[in-house]
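Below, in structure tokens: the form predicted on its own, a single chain.
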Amino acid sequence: MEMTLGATLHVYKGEWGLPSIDFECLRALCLLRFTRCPMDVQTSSNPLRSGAGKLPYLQIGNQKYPGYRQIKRVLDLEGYPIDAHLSTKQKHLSSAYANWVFTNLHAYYHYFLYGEPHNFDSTTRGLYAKRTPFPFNFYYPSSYQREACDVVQVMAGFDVNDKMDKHEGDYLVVNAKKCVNLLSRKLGRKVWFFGDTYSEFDAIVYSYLAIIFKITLPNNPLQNHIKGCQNLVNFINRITKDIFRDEGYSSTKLTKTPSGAGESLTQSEHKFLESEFNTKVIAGVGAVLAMGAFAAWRGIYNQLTARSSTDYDGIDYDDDDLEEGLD
């Protein structure tokens, strides 16, 4: 069965080499790419047109399906179920693991991206504002902050509107680190969490960890912890490079990225960067030697002219006159 012609998935544009900056959008994209569902993707969308006020949403003709759950239901009905290759036992395990990850990472994700005031004001607000049409970009990003207040209050037991000394961020960090450790052990050396085939669980883990690992926040304790789990770093980079090769976006070129992200570069890219660096070093050394030789020559020349001034016509030449004479 083929997806209905004219279907379009609307998501936020990506950053840091990822196809989207948003967890819900990213896992919706995973549904499409993992199952190879032929569908257009639109990254310059107005979230207020979704019918629910948020992205992602799927549009087929005049019909809109907002949110991940509705999008997944449509894909399942159209013949693109993401867990089709799993056994019954694996499907149950995938659902149980997903709920466990949600319990441990969802509050961390919402707090450190939207609830932590400095992170939100310096980074997250701007990311969503740049991807929201004028004039909604002035107030729309705050809707994510309000949602984070509810999520954190229910799942972590504190209010992000309170003073910072009352924020129990350490509690979220401890749970998130334990979760990452268990995920690393569960993945082991496998390509996917259930072996040789993808699952919805892989999409969920990738969508959480890729954003937390790649985003540049002033305060993000889990980022370095993920770096210490090399198999998870490889998992993130492999999916980003192999599956979203043509959809990843970065607003800056060849800038420093979170530690470990450089491993996603190909061998030819590494050689190019190394050759470019070597060229710059050689050019710099050559410039220093040339300036040193010129300075030494000028010193010797001045000494000779001072000692043998009687051999000249008595006129003191300025440096400009000297340079014109050398020309």
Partner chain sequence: MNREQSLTAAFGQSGQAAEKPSLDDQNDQLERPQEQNQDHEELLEEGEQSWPDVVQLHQPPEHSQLLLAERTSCIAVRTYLRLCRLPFAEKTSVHAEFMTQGGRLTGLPMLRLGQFDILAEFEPIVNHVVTTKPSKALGRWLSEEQREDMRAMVNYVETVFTLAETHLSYVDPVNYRLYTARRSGGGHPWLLSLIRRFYKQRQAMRLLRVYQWHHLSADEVLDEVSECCEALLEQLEEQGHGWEGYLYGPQPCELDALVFGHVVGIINTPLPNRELTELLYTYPRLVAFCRRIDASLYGGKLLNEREDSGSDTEEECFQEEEQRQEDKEQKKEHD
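Positions refer to the first chain, counted from 1. Keep in mind that what you see is a predicted model, and the values were worked out from it rather than measured.
Just so you know, the form predicted in complex with its partner chain exists too; it's not on screen, but the next bit is about it.
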So if I measure heavy atom distances to its partner chain in the model of the complex, which of the stretches 122-130, 219-227, 82-90, 234-242 falls within 4.5 Å? 82-90
Of the residues Thr197, Ser143, Ser95, Ser250, which one places a heavy atom within 4.5 Å of its partner chain in the model of the complex? Ser95
Report yes if all three of Asp22, Arg49 and Phe134 come within 4.5 Å of its partner chain in the model of the complex by some heavy atom, otherwise no. no
Indicate whether Phe102 is a 4.5 Å heavy atom neighbour of its partner chain in the model of the complex. yes
Looking in the model of the complex, any heavy atom of Arg185 within 4.5 Å of its partner chain? yes
Should Asp150 be classed as touching its partner chain in the model of the complex when contacts are defined as heavy atoms within 4.5 Å? yes
Looking at the partner-bound form in the model of the complex, is Arg73 within 4.5 Å of its partner chain by any heavy atom? yes
